[in-house]
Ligand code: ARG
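A single chain comes next, written as structure tokens; it is the form predicted alone.
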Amino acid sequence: MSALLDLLSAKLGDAFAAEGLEASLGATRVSDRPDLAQFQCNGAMAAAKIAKTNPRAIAEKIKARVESDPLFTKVELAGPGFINLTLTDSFLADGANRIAQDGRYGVPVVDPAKTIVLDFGGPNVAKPLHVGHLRSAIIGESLQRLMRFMGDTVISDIHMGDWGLQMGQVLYGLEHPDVTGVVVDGDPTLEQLEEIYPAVSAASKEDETVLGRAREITARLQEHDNVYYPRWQRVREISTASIREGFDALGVTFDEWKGEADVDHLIDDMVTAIKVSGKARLSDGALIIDVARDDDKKEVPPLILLKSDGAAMYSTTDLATIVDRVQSHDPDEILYVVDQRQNLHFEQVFRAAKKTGINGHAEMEHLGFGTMNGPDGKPFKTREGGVMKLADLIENATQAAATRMAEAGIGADFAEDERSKIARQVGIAAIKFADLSNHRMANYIFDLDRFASFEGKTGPYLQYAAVRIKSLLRRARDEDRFVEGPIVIGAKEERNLVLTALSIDDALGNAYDKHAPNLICEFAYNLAQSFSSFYAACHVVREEDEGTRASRLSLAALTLAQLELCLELLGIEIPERM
């Protein structure tokens, strides 16, 4: 609706300018009272303060200048000077027909388009994916789809944790079944790796000898030792295959499958350059970069570039990763979809990158997110108190969806394989929409029973709405009652649906600007509800007037196309039938 709001604001702005006032006072927005009008302009109140006069008197003058415009069917005043605007049905219908013919539905591409590196996912190798990886993956995938739709070039990078002491501990564990209780014959399985790391980690805390040996192995690994480096490569391959499978199940994809190890070769030169620049200093043997500013409201500690023993830190590899991304892609932005609790770390890294100039011209931003919590309000756990594997969560959601489908009589006459496929699509939709419909910074309670419902603000509800429209259009063709024609408006439900459809550019534009997929969810839900009201009030396939039927079928097709686009941007599949 941005284009429409711009048009209305310009018309009202011209009226204010004709009265010797600032044109910006004509800013128009969607009405707070849709029962009274579709749009409103509140500029008369601000104008009255400037002109030191009565706002109602100014509003009367503006009304007199615009009410004869054929765009408006009604211009009214309310309260102290609100200007309420209602557009003609023909104008709204023209807008609907225009966006129906536009493959982007009136949503413009961004200008200028940007090259963006999007960092999300972030799993550690030698560990299974769990619910802690869910939000980063779902939010990141939606954002990369949205940014590409808006015209940006996006390079997504999973950025795995695959280096450092944790890997030395895993390699130590492979050699010491006496410590882990896990005997590995040949290549380890992911299940074995899952047991090995926590066992060695616990042993390292209790036994300095174990910790010392793990550190020795880590050092040899990072020197590309011919014993441990090949073993590490195999562990990484096994883990990556499992990670790919898990993210594939969610429909989450990455362009680059890099990790900390991929930038290890850049660290020495980067550190040398930073030393030469004088941007780092020694403190108690450690090499640090001061990143605090005079205007800081809270303490921002220095970034530790190298520990006193010369070892690199997470912050070191994160800086080297920026070096790699600038050299490889020369991005305009580098965005990190990572838990909000890591905000201080990223603030240090970004400041250090800018201070040392390693970020090129790239702007960096941490797109934090809140936690997915259980009924107790704490981060989601299994009933036994452990961290739930992502595969188990998907399976639970699929089972919940199958139960809901059976209760609603959905798919009862389908073949079992089709019914199972739909249950999985519905279960994943329940998980994704539950997450994305909340602002990413918000914590939320995970309630699978509610999220899997076909009623209310849920992913399955939107899937069902889309499938219902598909069925309607298919039935019109099968019964030879499908006709094509322009959208016209005769009923208020048609008008409301058109107004909702025309707001898609605002919804997607704001979601893009704010990195907020929840705004896509909000639009899709409002669109589905508007269609439901329209369908309940207006005959479509059974409409006898051919012109009216053609209009309503076109409006249904436009609604379906917009729902399909929104669900695609959210990463939600739509079944062919339900």
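Note that residue numbering follows the sequence shown and begins at 1. What you see is a predicted model; the values in this text were computed from it and never measured.
Although it is not shown, the form predicted together with the named molecule is what the next lines describe.
- For the chain shown alone, Tyr314 is a contact residue for the named molecule in the predicted bound form, at least one non-hydrogen atom being within 4.5 angstroms.
- Put simply, Lys432 is far from the named molecule in the predicted bound form: not one heavy atom of it is within 4.5 Å.
- Not displayed here, the named molecule is approached by Gln342 to within 4.5 Å at the level of heavy atoms in the predicted bound form.
- In the predicted bound form, Gly173 stays away from the named molecule, with no heavy atom inside 4.5 Å.
- None of Val338, Val235, Ala400, Val291 but one reaches within 4.5 angstroms of the named molecule in the predicted bound form through a heavy atom, and that residue is Val338.
- For the options Asp262, Asp152, Asp506, Asp318, the one in contact with the named molecule in the predicted bound form, meaning a heavy atom within 4.5 Å, is Asp318.
- From the list 298-306, 186-194, 72-80, 342-350, the contact stretch for the named molecule in the predicted bound form under a 4.5 Å heavy atom rule is 342-350.
- Heavy atoms closer than or equal to 4.5 Å to the named molecule in the predicted bound form belong, across 113-134, to the residues Asp119, Gly122, Pro123, Asn124, His133, ordered by sequence position.
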